[in-house]
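In the form predicted on its own, a lone chain appears below as structure tokens.
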């Protein structure tokens, strides 16, 4: 499998960034003994900075399940904090600095929010723990849409108003549509929603013309014939998944756009090294569980993982790419 463009663009400066992410403050919770060992003192909270029903919610709940499978002594409660295209949840998480018993299910908004909006954080304010995988997206239309390919949509946008639904103004949806616009010289009329669930409902209700959705968010409606996928914004077809294998890539249709939303886990900034290592080791065990494999397969992800400093390096490169795409 090819690496994504965002992964290829990752650069160095790993040590400096990891030190900034980890911070030097003592952890605000848990227990430390034996010269730095850490175990959570109580239930762990997993913040999902988006609403229920979307890809981020699915990722957060699956991650909680795989953590519990990897460590029977850890109980994880999932808490949705939606609003502001992820800004509310991330800002709340920023306030948890030093608390090693709070985690966050992270994705591309971690990088896109500081580039596109007025927020008080960037990724170096947090402690990257684990990248779980890459989640590409599909261009989706209603079953009765006149469009049969992504090229049809681009051609129509040259003379018609095309309403494009996106899940948050800083998410993967907006990024792939922006890349499409930049390459094809067209412009879509954005309609933002707070979650993939809301976006799907709007598409089914005929409120928008097109949507960008992860396969895991829309597979039920695809299989039921309620919607159709025009192309995949991936570098290769989903050949490993029979139900998606016939969907052509955007590149096959003359639109050279492929970009993956990463799925991962953050701890707050300011936790100590013992807590950081505990969560890295816990997540390394979590991605070996059946629960992780089930999550990857059921949500049609690519299992490209990166732990600790490798995740920091990935974020640095991905941030450079997004700055080029969204910064202007």
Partner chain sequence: MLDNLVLGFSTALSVENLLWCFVGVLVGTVIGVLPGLGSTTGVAVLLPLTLSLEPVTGLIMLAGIYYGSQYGGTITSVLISTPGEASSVVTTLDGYQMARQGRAGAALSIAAIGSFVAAIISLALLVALAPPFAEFALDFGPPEMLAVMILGLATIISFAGDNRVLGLLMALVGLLIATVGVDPGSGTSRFTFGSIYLLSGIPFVEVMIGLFAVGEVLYQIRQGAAAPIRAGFRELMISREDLRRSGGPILRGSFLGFLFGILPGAGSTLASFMAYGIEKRVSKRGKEFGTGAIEGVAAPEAANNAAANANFVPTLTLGIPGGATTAVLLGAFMIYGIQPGPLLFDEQPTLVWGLLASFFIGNVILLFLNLPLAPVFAQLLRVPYGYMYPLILLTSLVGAYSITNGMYSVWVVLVFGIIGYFMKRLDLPMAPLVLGLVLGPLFEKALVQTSAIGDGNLLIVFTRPLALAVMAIAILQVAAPTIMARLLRRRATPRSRRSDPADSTPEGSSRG
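Positions refer to the first chain, counted from 1. Predicted model, so just to flag it, every value in this text is computed and none were measured.
Form predicted in complex with the partner chain: not shown, discussed below.
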Indicate whether residue 273 is a 4.5 Å heavy atom neighbour of the partner chain in the predicted complex. no
In the predicted complex, does residue 101 have a heavy atom within 4.5 Å of the partner chain? no
Would residue 200 sit within 4.5 Å of the partner chain in the predicted complex, counting heavy atoms only? yes
Does at least one non-hydrogen atom of residue 181 fall within 4.5 angstroms of the partner chain in the predicted complex? no
The chain here is shown without the partner chain. Which stretch in 146-154, 221-229, 247-255, 133-141 comes within 4.5 angstroms of it in the predicted complex, by heavy atom distance? 221-229
Please state whether every one of the three residues 58, 87 and 190 places a non-hydrogen atom within 4.5 angstroms of the partner chain in the predicted complex. yes
Of 75, 239, 159, 207, which residue is found within 4.5 angstroms of the partner chain in the predicted complex when only non-hydrogen atoms are counted? 207
Partner-contacting position among 300, 259, 292, 38 - heavy atom within 4.5 Å of the partner chain in the predicted complex: 300
Within 113-127, the residues having any heavy atom within 4.5 Å of the partner chain in the predicted complex are 118, 119
